[in-house]
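Both blocks below hold the same protein chain, though in two forms, and each is given as structure tokens: structure 1 and structure 2.
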Structure 1
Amino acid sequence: MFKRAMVAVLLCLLTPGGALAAPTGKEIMSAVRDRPDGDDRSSTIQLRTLATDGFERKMVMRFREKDEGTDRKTLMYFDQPTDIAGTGLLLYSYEETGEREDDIWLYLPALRKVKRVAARDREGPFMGTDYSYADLERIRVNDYTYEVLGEETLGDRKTYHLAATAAGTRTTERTGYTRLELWVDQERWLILQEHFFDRDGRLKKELHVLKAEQIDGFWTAIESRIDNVQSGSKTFMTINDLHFDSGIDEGVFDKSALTRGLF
């Protein structure tokens, strides 16, 4: 509730009715990170990756997420296809103001082993998709410095167009990105489009939000696509059965839950 109150104050300052000045890039990204999204979230996520040779791979996973104060815990558990069923990923996202790196653990049922994903490995592809492990982490506003490039309209949505430059080598070492460009919905504080630039400053991939809906009072991107401009592959994500504030048990996010799975 404290987070919701603070975001409400911030959004009041950023909207035309209460604005004293145009928002800075950091203010915009803080509003994106802190926009109200309940205390917990659960859904089923479908991923579909299309390679340049036409090969298509579909995956289905169950998603659970819960806020614990300023920290956040996320569990992803794959049900399909059969060759990866039982694979799980657990992510602990810590308060940004601290020095502690987020923790990511991956459970591979074929090996019956839980493996920690090191920071240096997080720019790698997540389960063969065009998402990286770093893309799964919660937004860390202070990892970048920002410039507001202007305002643009995407479809029927007014957006702020931002450039974000990695604030140090630590960010690039973890994510593989030196620079981002983002288009943020001025009303809903959703990222509607994002461009990612690699270690050499080349455009690597693009995120496009295809559909957003208000569910249980919270705006959420429920359909999106990643275009890997270097490889030519694409990954589509669709979120189904999304619920907020359903009272997810904290035990779901224990490391042992990776080996047990979700029932």
Structure 2
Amino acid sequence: MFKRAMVAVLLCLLTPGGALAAPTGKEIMSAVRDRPDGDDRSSTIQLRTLATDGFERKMVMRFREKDEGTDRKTLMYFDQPTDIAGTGLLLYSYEETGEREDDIWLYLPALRKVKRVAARDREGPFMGTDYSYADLERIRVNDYTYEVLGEETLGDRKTYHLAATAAGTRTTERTGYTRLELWVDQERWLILQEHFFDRDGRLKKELHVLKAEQIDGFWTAIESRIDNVQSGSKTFMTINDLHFDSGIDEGVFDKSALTRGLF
């Protein structure tokens, strides 16, 4: 509750009508990271990848997430395609200012085994899609330095246009990105568009939010597309059955429960 109140104050100060001064890039990204999103979230996520040769792959996973103070526990279970059905991913992410690396475990139903996964390298693709593990993790504000490039309108939304430069080589080693460009909704504090630049400074991917909705009082991007401009492939993400503060049982996020799935 305290966190929610603090965020409300921050958002009020940053909202154009209430702002005393233009917000800095770091303040904007902190507002994006800390915008109210309830204490837990559950949904079904569909990922559809289209390759340039016509290959199409669809994945469906169940998603559960719960905040514990400044830490967060995330659980994903794949239902489709059949050959990876039952695969589970459990992630404990910790406050970014701390030194503690995230904990990640992967349940592989074919091995009936939970395996520890190294958390440092997030550059790799998430299950063969155009999203990388870094694209899906919590926003890490301190990994970049920011410059506000101006204000732009995307569709009917007013946005802040930011440039983010990797604060150190460790960020680039972890994510594969040297630079980002972001367009942040000035009222809802959602990232509506993002460009990702690779180690050589070339544009690698573009994220476009296609649809945002207010569900249970919280604004969320429920349809988005990421284009890999280098390979030509693209992945659509759709979030269904989204619920906030449904009181997800803590036991769901235990490692031993990972072998059982969600039911």
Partner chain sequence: MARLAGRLEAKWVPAPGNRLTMILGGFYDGVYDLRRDDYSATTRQALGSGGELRELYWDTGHGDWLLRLGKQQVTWGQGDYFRVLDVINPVEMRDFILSYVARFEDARRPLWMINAAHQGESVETQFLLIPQFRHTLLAPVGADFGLSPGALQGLTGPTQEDPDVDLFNPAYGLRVSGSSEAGFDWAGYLYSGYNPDPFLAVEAAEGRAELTYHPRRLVGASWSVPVANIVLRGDLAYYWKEPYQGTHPERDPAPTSDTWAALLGVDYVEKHWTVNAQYGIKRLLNSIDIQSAQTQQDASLFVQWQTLDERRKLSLLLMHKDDVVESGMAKWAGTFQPHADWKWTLGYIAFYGDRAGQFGQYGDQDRYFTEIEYVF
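Please read all numbers here as calculations on a predicted model, not as lab measurements. Just so we're on the same page, rigid core means the largest C-alpha set that superposes within 1.5 Å between forms. Residues are numbered by position in structure 1's sequence, first residue being 1.
- Here the chain coming from the form predicted alone is structure 1, while structure 2 comes from the other form.
- For L180, a C-alpha deviation below 2 angstroms is recorded between structure 1 and structure 2 after rigid-core alignment.
- Relative to the superposed rigid core, I104 undergoes a CA displacement of at least 2 Å between structure 1 and structure 2.
- Taking the core as reference, the C-alpha deviation of S256 between structure 1 and structure 2 is 2.3 Å.
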